[in-house]
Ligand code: HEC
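Here's a solo chain for you in structure tokens, the form predicted on its own.
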């Protein structure tokens, strides 16, 4: 197909193909880079949120729970004595100002039904139980929204058993609040759930697409300018000189021997024009000999 085109059209087709393939590569590469940057930002947010929640848990375990247990040993006050409950309450307060953060204690056998794990969380918890990994981090899509998520296992400890052994052993107030159907039968060392932190990437994904649009638009503009520049250069240095050579050659073939192949420059087209001029001189001499 290209062989049947003029040089200019052939050049435009080639440049267009180069543009298309270059844009595909540039957009794919740009998306990868911008997406990695979004994931890095989400990871930093997750690490900050995790640090805050862990610090709250440690403060409660070291300073609040011992005092509560000494002063009111028989009082049912999980917000001050159970780390999971305290973190959940603190997370809700944080989410009021930063709704992109989601904190969840997930378990296939939870005491609080709000903590029941979904299919994704079940697969991660099963991986913890099987020893596939000690912690997990990555991106996941839930309800059409992409999140950066981290998870660490929750193991049943001695301090957990008094709540999660049997309903008969647990505090009556707790049994009254949560019932007797779920959250019991834990044994020390069992992986009973996971602590999941999700950070929505909706905002960062929108910024990524904006960056990608600006990047793609900039590349397209630069490529368009380059195509126009190359087109002008090729027309002035290749196409027009060749067209002039063709025009002179046609005139000479019709007997106009006074025409000259005049090409400026010092390239292959100039060499071709000089060769045509020598051939014209030889042709003129041959014609003179024939006339004589």
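Numbering follows the first chain given and starts at 1. The model shown is predicted, which means the values in this text are computed figures rather than measured ones.
The form predicted in complex with the ligand exists for this protein as well; it is not shown, and the discussion that follows is about that form.
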Inset, instruction - Answer with yes or no whether residue 133 is in contact with the ligand in the predicted bound form, where contact means some heavy atom within 4.5 Å. - result: no
Inset, instruction - Could you confirm whether residue 201 comes within 4.5 Å of the ligand in the predicted bound form, counting heavy atoms only? - result: no
Legend entry - Any non-hydrogen atom of residue 186 within 4.5 angstroms of the ligand in the predicted bound form: yes
Inset, instruction - Indicate whether the ligand has at least one heavy atom within 4.5 Å of a heavy atom of residue 160 in the predicted bound form. - result: yes
Inset, instruction - Tell me the stretch among 93-101, 136-144, 217-225, 107-115 that has any heavy atom within 4.5 angstroms of the ligand in the predicted bound form. - result: 107-115
Legend entry - Residues 238, 263 and 270 all lining the ligand in the predicted bound form, heavy atom within 4.5 Å: no
Legend entry - Contact assignment for the ligand in the predicted bound form, among 152, 126, 85, 207, heavy atom within 4.5 Å: 85
